[in-house]
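Take a look at this single chain in C-alpha cells; it is the form predicted on its own.
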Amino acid sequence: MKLEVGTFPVHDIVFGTQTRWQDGVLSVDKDELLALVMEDPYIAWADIDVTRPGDSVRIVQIRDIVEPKVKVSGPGVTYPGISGRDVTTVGQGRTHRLGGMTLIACSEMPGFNPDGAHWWGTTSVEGRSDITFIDMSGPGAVTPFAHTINLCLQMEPHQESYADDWNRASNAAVLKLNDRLAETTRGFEPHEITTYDLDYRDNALPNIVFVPALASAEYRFGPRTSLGTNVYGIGRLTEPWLLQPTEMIDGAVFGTYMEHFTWPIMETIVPHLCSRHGQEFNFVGCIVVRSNWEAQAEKQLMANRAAQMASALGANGAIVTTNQRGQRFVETVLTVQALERVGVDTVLMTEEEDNENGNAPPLLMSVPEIVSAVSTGTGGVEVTFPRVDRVLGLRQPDPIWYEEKPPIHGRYGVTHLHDFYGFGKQGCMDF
C-alpha cells in the first residue's frame, strides 16, 4: 500500500473563538469541543486544558494518548472501528497529522462491571504504585509526552456507568476531538509530506515483519468488550491479524490495555521501519498476535500460526514485542521460539523485570531461541519527582497528587513508564 502522511507542526495550543490551525498554532474553541463531548449521556462532566513542556504540571488518571489524524484522501477513517466508526480498510491515500502534540484522555474508571468484576485500574491513590502519571517538568519529565504540547480532555462518568460503557463513551469523545482538530488541516498543503510506498520490493534485500503481541481483554470482560487494545475495533481473542504497516499508521490498532496507550504502538517502530523500506530491507507486514489465551495449547497454536504467516510472507527476519508481563510474556516468548524454528531470524524487544537487587533474572521466561534481544530498561526512574503546581486529569485531585513523589525502582507492579517499543533511551545488556 502507498500512504502519504502530511505533517502540520503544532508549536502552541491556545484557546480562542474558533478552532483552526494556522502557522503552527492550534487555536481551540473550548466551548465547541466540550459541546461535542457532552453530547454523550454517559459523560457527566468534562473539561479541557493545555499543558506544555516545562510546566509544573502532573497529568494523572490517563486513559489513552493519541495523535490527531484525519484521512483527507483514500478509503476509510483514521482509528477505524472504534466506538462504531467505519471499518473500511485504511492505509492508502493521504492522512494529515498534527505533529508535536497529543490528545490525552483522563478519567477515573467505574469500579465494577455487570458481573461484579473489578476494573483493573482502581481509582484509589494510596497504596498504589502502578498509577500512571506524566510530569511535564523537572527530573521526572522522562516520558515522550513531557516533550509534546498536550491537550488534556478530563471527564467523569455518571455513577451508574459500567467500565465497558464508559470506555466506549470516552473513546468516542477522544475521537470526536481527534476528528475536529485534525480537520483543521483539510484543504491546506502540509509543511512536510512523508510517502510510504510499500508496494515496491527490492529482491536483493531481506524481508522483515513486525510481530507485536497485544493482550486481549476477552478473558476478563467477554468477547464483545471494548476494553483493551483493539484491531479495527475488535478486541477479542482471534488468530493472528496480518496488517499492512500503513494500516497501523492510520490507527487500525487502537486502545488501552491496563496503562498501555495507543500512541506508542503507532508512532515508534512501525513508521521507523516504513522509512527504511526499500533501502535496508523490505517491510512486508505486521502480524498482530493476541495474547491472554487460557490453555497452553492455545498459546502454542497462536505462536505457530504467526510463524506460519511470517514464513508465507517470505520473511527473513522479525521484531517481536509484548505489551504486558506475566502469561502475556510467555506467549510472546513462544512466538519468538516458533519464528526461529521456521528459520526467521528474530529480535525480541522487551522491558526487563525488576532485578530485585540482583536476585532475579531480567526475563520472566527464557528459551534457547532468544538469540537476539533489545532491552528497553526496567522502567525505573531513580530521581525524586518534585511537587507540582497543577494537576490535570481529575475535577478535584487528591492533595497527594501535588506532593513530591519518591523515585521508582524497577518495573514490578509499576506502570509509570512502560516502553515496549523503544521510544526511550534506556538500555541494558545484562542478558
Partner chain sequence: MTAMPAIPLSVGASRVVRGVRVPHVCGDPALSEDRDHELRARIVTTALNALTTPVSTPTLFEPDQTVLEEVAR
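Fair warning: this is a prediction, and the values are worked out from it, not measured in the lab. Numbering follows the first chain given and starts at 1.
Not on display, but discussed next: the form predicted in complex with its partner chain.
Participant: I need the one stretch from 295-303, 258-266, 180-188, 142-150 whose residues put non-hydrogen atoms within 4.5 angstroms of its partner chain in the model of the complex.
Facilitator: Of the stretches listed, the one contacting the partner is 295-303.
Participant: Between Met365, Val383, Val374, Met38, only one gets a heavy atom within 4.5 angstroms of its partner chain in the model of the complex; which residue is that?
Facilitator: So the residue touching its partner chain in the model of the complex, by this definition, is Met365.
Participant: Only one of Ala169, Val330, Leu198, Ile234 has a non-hydrogen atom within 4.5 angstroms of its partner chain in the model of the complex; which is it?
Facilitator: Contact with its partner chain in the model of the complex is made by Val330 alone.
Participant: Need the contact residues for 216-246: heavy atom within 4.5 Å of its partner chain in the model of the complex, sequence order, or none if there are none.
Facilitator: Counting only heavy atoms within 4.5 Å of its partner chain in the model of the complex, no residue of 216-246 makes contact.
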